[in-house]
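Just the one chain here, the form predicted on its own, laid out as structure tokens.
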Amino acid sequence: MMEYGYYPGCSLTGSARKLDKGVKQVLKHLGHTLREIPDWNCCGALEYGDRSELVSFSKQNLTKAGAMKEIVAPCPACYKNLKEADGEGAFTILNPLELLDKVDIKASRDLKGMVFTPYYGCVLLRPEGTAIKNRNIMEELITSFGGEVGGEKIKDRCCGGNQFFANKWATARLSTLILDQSKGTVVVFCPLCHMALHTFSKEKKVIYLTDLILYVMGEQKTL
């Protein structure tokens, strides 16, 4: 049981409020406390042109974190930028996926008869230096609750989310390729991936992993 600094980033205070709420609810269930970094600023995500200046934005956030040396950042882009900004390793930057353990989640429902396609997207799984350690955490959680994993080798393909506003046709094409090779409900963790896949999903359901966990825990009625 730990207290962590919390960096929500812009998306979790805007289009991905559902993920923000879900992360806080799940981690509270696991006994963890989140304390938001005071006066945090935008990290520039992946859109800013000058990489060194972009990383400096995250260095400002680490300075604001002060004594909070273990920081949770749900957005994969924010997570990557903070890890790159922490060049000397003074902080431990964590994605919530790295705090999840099937043993700790008290399930009141199972997922028997349901099929899911876990989709991580680009940033969570590469490059290796800033990627999460367990590349199969979503698969492990889904199967541990009785669900079936489907989909064909698409978990780390690019959905084109960062081109959503500049070249929407490219996002449509890449996201459609992923959706066409998925089976059942698509499970994501990245806000940008959720936006891209949900936009072009037609009738296919795209959910956050936190929705699935809250459903299994009995704290959410439907998926």
Partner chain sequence: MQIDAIIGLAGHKKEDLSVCMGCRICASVCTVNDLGKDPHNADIMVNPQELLVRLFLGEEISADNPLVRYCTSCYRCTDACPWKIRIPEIVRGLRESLEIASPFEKAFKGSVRIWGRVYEPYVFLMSVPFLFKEGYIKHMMKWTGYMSIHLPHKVKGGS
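Keep in mind the model is a prediction, meaning the values are calculated, not measured. Positions refer to the first chain, counted from 1.
Beyond what is shown, the protein has a form predicted together with the partner chain; the following relates to that form.
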Quiz item: Taking the shortest heavy atom distance, is Gly49 within 4.5 Å of the partner chain in the model of the complex?
Solution: yes
Quiz item: Cys122 near the partner chain in the model of the complex, any heavy atom under 4.5 Å?
Solution: yes
Self-check item: is_contact(Phe200, the partner chain) in the model of the complex, heavy atom dist at most 4.5 Å
Solution: yes
Quiz item: Does Gln25 reach the partner chain in the model of the complex if we count a contact as any heavy atom within 4.5 Å?
Solution: no
Quiz item: What is the one choice in Lys59, Lys183, Arg173, Arg35 with a heavy atom within 4.5 Å of the partner chain in the model of the complex?
Solution: Arg173
Exercise. Flag this candidate site as yes only if Ser11, Arg17 and Pro127 all have a heavy atom within 4.5 Å of the partner chain in the model of the complex; otherwise mark no.
Key: yes
Practice problem: Determine the residues of 155-192 with a heavy atom within 4.5 Å of the partner chain in the model of the complex and present them in sequence order; the list may be empty. | Solution: Arg157, Cys158, Gly160, Asn162, Gln163, Phe164, Phe165, Ala166, Asn167, Lys168, Trp169, Ala170, Arg173, Leu174, Leu177
